[in-house]
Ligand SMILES: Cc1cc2nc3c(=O)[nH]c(=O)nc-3n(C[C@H](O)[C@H](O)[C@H](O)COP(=O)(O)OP(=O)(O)OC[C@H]3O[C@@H](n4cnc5c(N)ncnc54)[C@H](O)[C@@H]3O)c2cc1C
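Before any questions on binding or motion, here is one chain by itself as structure tokens, the form predicted on its own.
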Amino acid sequence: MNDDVIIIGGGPAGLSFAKLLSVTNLKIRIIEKQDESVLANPTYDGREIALTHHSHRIMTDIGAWAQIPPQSISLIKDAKVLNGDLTDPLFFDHRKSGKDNLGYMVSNHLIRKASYEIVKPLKNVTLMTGVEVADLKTTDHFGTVTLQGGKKLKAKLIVAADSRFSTTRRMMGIPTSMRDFGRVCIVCRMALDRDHDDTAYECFFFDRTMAVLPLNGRYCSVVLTISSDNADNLLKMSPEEFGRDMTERMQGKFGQMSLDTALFPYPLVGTYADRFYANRYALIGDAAVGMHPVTAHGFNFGLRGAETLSQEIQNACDLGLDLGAADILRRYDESHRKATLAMYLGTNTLVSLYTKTTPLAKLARKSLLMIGQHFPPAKRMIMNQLTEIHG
């Protein structure tokens, strides 16, 4: 047997899982198709990740948080949800959560870099980069990964963290619900003339969804979801045209908004695996749950899944059990499904409703915001889900 656990995918979810599991002294191997230089020095990709308090705790425990420069960590103190225009928002006050803030903002490339830095020194983790998986098969006792070129590797458990379009998930015959929203997510960073007061804005306009998320200083992250047929027109705008368009849509709330980076487009597809495990095989990260970005829970779910699976494996090791046994993976599946399914389905329903412009949809949208505004238990429930603050 080459290894105890093979992780396919060296993104933040896979690397964090390796770090969480490394305390067991199991022999762990990570297979990543990108070169190690890319993992060590990832480039800025426009994505700023909203992190919950739970994710902050996990990242702190594994040492990743300490690798991120403090000046690159921004706070989300409050949040406002707007329907159609900027009037009468649904307001989420951090003081009602019992915390100093609702969440944190950290650039994706810094999370990736931090995840690499905490794994690289580990003695029981082998990082194999620049290689791709050609085939994957499992038996009652182990899994076999065949690499491009023919090399075979064996382990007691194979864990896939290879994106929402996971090829190994397909090899293992796991059906996956996939929703193509027919929209493009466009992200960028913008400079502002006025303070944002550490407040996140989720704006459900009638032709697009737009999140304006606070970054340190007078900067913000902008996340636009727009129909695919209109995305090209927006991407062809000059920086000056884009800045004017954003300023007008936000009605000058932040003064002049100026583009500070390139525009980064991403196709918008949500995925949810029918199950998160197969014989000696488990899914984590986007391979398990690929979220729409409107609730910013994608990476948070990735960390949660990594923690849940690592705990199940650690418990098995402590009891001298087979770490790849079906009942262990089934418990992970049940726990992670309970933590993610309602949010995944609710998000898709919300997005569907808030991208329709029919009179009935507009009435339903307004009604939902009124319920949230005037029924405190509902508002509290929404805040708990968005921030993972419990108690």
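Numbering starts at 1 and follows the sequence shown. Just so it is clear, the model here is predicted, and its values are computed rather than measured.
Here the subject shifts to the form predicted together with the ligand, a form of this protein not shown in this document.
**Student:** Quick check: do 80, 212 and 270 each get a heavy atom within 4.5 Å of the ligand in the model of the complex?
**Tutor:** No, none of 80, 212 and 270 comes within 4.5 Å of the ligand in the model of the complex.
**Student:** Tell me, which of 47, 27, 337, 53 has a heavy atom within 4.5 angstroms of the ligand in the model of the complex?
**Tutor:** Only one listed residue qualifies here, and that residue is 47.
**Student:** Residues in which of 163-171, 253-261, 136-144, 230-238 have heavy atoms within 4.5 Å of the ligand in the model of the complex?
**Tutor:** Selected stretch: 163-171.
**Student:** Evaluate residue 33 for contact with the ligand in the model of the complex, applying a 4.5 angstroms cut-off between non-hydrogen atoms, and reply yes or no.
**Tutor:** Although the ligand is absent here, residue 33 would touch it in the model of the complex, with heavy atoms inside 4.5 Å.
**Student:** Do residue 103 and the ligand come within 4.5 Å of each other in the model of the complex, heavy atoms counted?
**Tutor:** Judged by the heavy-atom cut-off of 4.5 Å, residue 103 is well away from the ligand in the model of the complex.
**Student:** Is residue 205 a contact residue for the ligand in the model of the complex, using a 4.5 Å heavy atom cut-off?
**Tutor:** No, residue 205 stays farther than 4.5 Å from the ligand in the model of the complex.
**Student:** Mark residue 305 yes when one of its heavy atoms lies within 4.5 Å of a heavy atom of the ligand in the model of the complex, and no otherwise.
**Tutor:** Residue 305 lies outside the contact set for the ligand.
**Student:** Using a 4.5 Å cut-off on heavy atoms, what residues in 124-143 are near the ligand in the model of the complex?
**Tutor:** Those in contact are 131, 132, 133.
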